[in-house]
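Single chain ahead, by itself, as structure tokens, in the form predicted on its own.
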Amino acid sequence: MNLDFDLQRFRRLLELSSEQVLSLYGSLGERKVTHASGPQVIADRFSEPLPIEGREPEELLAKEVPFIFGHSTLNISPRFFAYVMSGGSQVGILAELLGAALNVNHAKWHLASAAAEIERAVIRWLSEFIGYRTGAGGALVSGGSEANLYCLRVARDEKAPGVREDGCRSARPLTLYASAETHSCINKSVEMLGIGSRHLRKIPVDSRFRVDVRKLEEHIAQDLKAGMQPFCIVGNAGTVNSGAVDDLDALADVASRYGLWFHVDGAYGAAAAAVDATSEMFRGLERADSIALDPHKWLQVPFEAGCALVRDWASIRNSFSYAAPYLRATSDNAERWDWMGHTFQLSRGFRALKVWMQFQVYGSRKLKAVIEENVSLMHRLGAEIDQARDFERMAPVPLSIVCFRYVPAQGPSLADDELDRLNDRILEECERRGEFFLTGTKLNGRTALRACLINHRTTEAETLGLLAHLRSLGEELTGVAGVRP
């Protein structure tokens, strides 16, 4: 039974879908970033039983899509400052449509030869963009969590030969090292790889939230003395908490000294290595054995688009090369690049198309300019906070994350616990009202308002508007008018 529409109707459905997209983008400035509906309202809308007979797609587009758009948090908005999420791009929308139309699976070259070669080109471009090694291997994955998992899998297999067949041995446990500010996906990865979170050493950080290299080396020496098998150091090229960048050169030195794999989690920040204003803090990135990088963050590619970069293709093949008889073809040869031997997946969508089109349309110069502008805007926001009497910055601003808190300029002084509760309420109220959206974190045990910008649509009107909005909420919640800077 053929499920296709006739071409005339399909054209009309594409037009109707495009009208929904154009309406969304045309009203972006007026739309709230978050919605105020409770979970039950949304759950009830989608609680119908499994459809036996279908609906007309025109009805679906007219009735359901507006509800979905209206009950989705708009990270595409210029007033979105939460987590580490970009606004995507319109080129990405086009690429997703084209990729879905083709519907290729490029696990093998003869299934999708153009897709296979485009992904190889994208890996080369991404490596060049951040100043990594010529000839580096890699693969596009869902995001930073999977990229880190892939890289640590390669690290484990390289530094513990035989682990693929024998598994991790408890007689001499593998240990790896990362700062206390490292992303939680590293914990998940060591558990999934059979290493165990007990053998992940969380190293303290300094006042700038960068890993303490001296304490790291002390931990390695202690583990060696105890009969452990240190195998990997994880450096941060932009933590999600505050944007801190570890001393990557120093970490590379330690890794070299002890013969360890040096992995860098650059899912958020590594792209800033391409920008003159911030490149110096990434010195040593080029010495990494592997890097996690997210094009769907600072390169403005729509979700999902992560990338695992590894020092060479041989290391990736060592971990993922495996072919069942039914996957072999008589036409296979060395010139045909089969991705199934370089990744875990056998079902691989055409992720590379949207990254490739992003570079083709905008070029590296414009993408670098977006990063530079984001960093500049958030540095200026940090300066505004420093000059204000009713805000307090809580961390340095190396990249585009600003951590701060509201401190009433008038009225009785509040203790830290009281300030935590007040700033937690500001976060809740900010999300409920939906004019702006940011999230919080904990720094040195205290609540921080955390604004992160990796969005090409945001201008200084929005960054200063965010500060004014938070001030207004703080004054309303305390009942005390603040003193303007």
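Predicted model only: the values in this text are computed from it and were never measured. Note that residue numbering follows the sequence shown and begins at 1.
Absent from the display: the form predicted in complex with a further copy of the same chain. The rest refers to it.
Just one of P161, G135, G363, G411 comes within 4.5 Å of a further copy of the same chain in the predicted complex, counting any heavy atom, and that one is G363.
This chain appears without its partner; in the predicted complex, the one residue of S86, S179, T175, T239 with a heavy atom within 4.5 Å of a further copy of the same chain is S86. Across the options 383 to 391, 248 to 256, 307 to 315, 97 to 105, residues that bring heavy atoms within 4.5 Å of a further copy of the same chain in the predicted complex belong to 97 to 105. Using a 4.5 Å heavy atom cutoff, none of M281, R421 and F436 lies near a further copy of the same chain in the predicted complex. At a distance threshold of 4.5 angstroms between non-hydrogen atoms, E19 is in contact with a further copy of the same chain in the predicted complex. A residue is said to contact a partner when one of its heavy atoms sits within 4.5 Å of a partner heavy atom; W261 fails this definition for a further copy of the same chain in the predicted complex, lying far away. In the predicted complex, no heavy atom of P398 sits within 4.5 Å of a further copy of the same chain. Interface residue remark: E48 is counted as part of the site for a further copy of the same chain in the predicted complex, having a heavy atom within 4.5 Å. Contacts between stretch 44 to 68 and a further copy of the same chain, counted in the predicted complex as any heavy atom lying within 4.5 Å, involve F46, S47, E48, P49, L50, P51, I52, E53, G54, R55, P57, L60, L61, E64, V65, I68, listed in sequence order.
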